[in-house]
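Here's a solo chain for you in structure tokens, the form predicted on its own.
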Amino acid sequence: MKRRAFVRSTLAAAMAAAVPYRRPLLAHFQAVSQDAPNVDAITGDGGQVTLSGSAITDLKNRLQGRLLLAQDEGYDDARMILNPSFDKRPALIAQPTGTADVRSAVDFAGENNLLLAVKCGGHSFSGKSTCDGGMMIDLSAFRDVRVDPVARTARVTGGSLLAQVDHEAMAYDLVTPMGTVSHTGVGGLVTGGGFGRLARRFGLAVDNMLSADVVTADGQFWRCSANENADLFWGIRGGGGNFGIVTSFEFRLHPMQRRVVGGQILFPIELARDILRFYAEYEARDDLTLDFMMVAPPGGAPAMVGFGVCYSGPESAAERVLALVRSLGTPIVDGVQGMDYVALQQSGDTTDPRARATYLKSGFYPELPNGLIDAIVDGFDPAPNRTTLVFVQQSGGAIGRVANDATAFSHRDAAGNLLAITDWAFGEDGSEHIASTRAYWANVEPFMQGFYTNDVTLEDTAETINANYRENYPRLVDIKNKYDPTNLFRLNANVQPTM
């Protein structure tokens, strides 16, 4: 009897619990059966188009993820990127949860010739991951990392962030080189090349990509590798987002201990010239990355110069390896110590200048002659109402042991990627800060040979972008003609089709 009573009461409770959900569920089906309002939008060539409510509703019904219009909850959060200077309002935002959703969203954009932006981590300095009046495909709901510790590979979905890759791989003492700010999106970082703290030892992120799944402009799904659709595989390794949306990456993982020696060591700004001369002449090693930096914080704090350090060799040898760096002077800041690699990867997150209004110029330099050293030091122009930063992503090592035409990334011969960055409080007039950075860059630019695809600016013309791909440009055009002849994917370092 007691058992029967228990069963009856359990069933009654379950039925009662189900009742409140009937109304919202019914309301959901009623909502999707009603057409959305018509929406005015912008086409890729700048024209006007009106999207019918029935077409928008049909797309919404085909997505497992959300489709957001301007009046919807979550729209304002979804449209934002890390550089708030670009406060744009897409006509609609698709948030795919899988490849099927990506295909449906791309199909819709192509059928309506919409201006299309793709957002992964939202780190585009020049605002390429958002748009006014077009369609944004926001991959923030499409994040997953699966590590195979036996095969030493990782499968990474298109919207994933670097932090997820580092976290999952390091659980098995495995790693693949991935950026320097953990909330960067894998998709944007990798397709442009993928610098990171371990790149001198293990190569760029593109050098560790084994295969990828891509949705191209016609909504088709392609699996590509060195042996399958090899032209597309070559193009997405340095050609940026020109050819489609990568929905899944497969990366090679390398054995590495969790603990590295890393952090920042910063000296008085008066030592800048001596430190750059040391940087130009010291004998670099693959297991040590030294990223030069010269920074003047806002508020009038003293400017400093030094390095961001990552040494991934035996910790017992770290003091010997870093002895030359420590001998440069008495540091103002010395945070170089043994630490978890994942913690080092996250160490720049809170100070990432892209949380503020930001402007950037960048370029690759093949060597660091005295003339460039003088230009870097003499033109440095700090001000109390902004952050002024000059930074180098060190190249060489394993990066330079790959041929320029082995992947679409063609700057294997660079010694480093020099960046001049300023940021200021959002809402303030940034014209003074932008003008200062441009004036600074005019003095160092004669020493540069091209720029990092991921750092393309609004000032870069088709001519400068084409030249930046160097000898790889004609091959990239052929791939663009094949996979995106209408230039649907144009908000990037754009390779324009010729068909």
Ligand SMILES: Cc1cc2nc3c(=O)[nH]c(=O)nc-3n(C[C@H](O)[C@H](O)[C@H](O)COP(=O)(O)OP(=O)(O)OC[C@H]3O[C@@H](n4cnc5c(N)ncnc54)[C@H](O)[C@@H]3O)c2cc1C
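Residue numbers here begin at 1 and follow the sequence given. Computed from a predicted structure; not experimentally measured.
Only in words, not in the display: the form predicted in complex with the named molecule, which the text now covers.
S.K.: G158, P90, G235, P96: which sits within 4.5 Å of the named molecule in the predicted complex by any heavy atom?
M.R.: None of the others qualify; the residue that does is G158.
S.K.: Within 4.5 Å of the named molecule in the predicted complex, heavy atoms considered, which of Q393, S362, T407, S104?
M.R.: After the contact test, the surviving option is Q393.
S.K.: Is it the case in the predicted complex that R201, G203 and S312 each bring at least one heavy atom within 4.5 Å of the named molecule?
M.R.: Not one of the three qualifies.
S.K.: With the partner left out of view, is G306 within 4.5 angstroms of the named molecule in the predicted complex by any non-hydrogen atom?
M.R.: No.
S.K.: Whether Y452 contacts the named molecule in the predicted complex should be assessed with a 4.5 Å heavy atom distance threshold; does it?
M.R.: Yes, Y452 is a contact residue.
S.K.: Report yes if any heavy atom of V246 sits within 4.5 Å of a heavy atom of the named molecule in the predicted complex; otherwise report no.
M.R.: Answer yes; at least one heavy atom of V246 falls within 4.5 Å of the named molecule in the predicted complex.
S.K.: Give a yes or no for V118: in the predicted complex, does one of its heavy atoms lie within 4.5 Å of a heavy atom belonging to the named molecule?
M.R.: Output for V118 is yes: heavy atoms within 4.5 Å of the named molecule.
S.K.: Based on heavy atom distances of at most 4.5 Å to the named molecule in the predicted complex, which listed stretch, 146-154, 366-374, 257-265, 179-187, is the contact stretch?
M.R.: Stretch with heavy atoms near the partner: 179-187.
S.K.: Pull the contact list for 112-135: residues with a heavy atom within 4.5 Å of the named molecule in the predicted complex, in sequence order.
M.R.: Residues within 4.5 Å: V118, K119, C120, G121, G122, H123, S124, F125, K128, S129.
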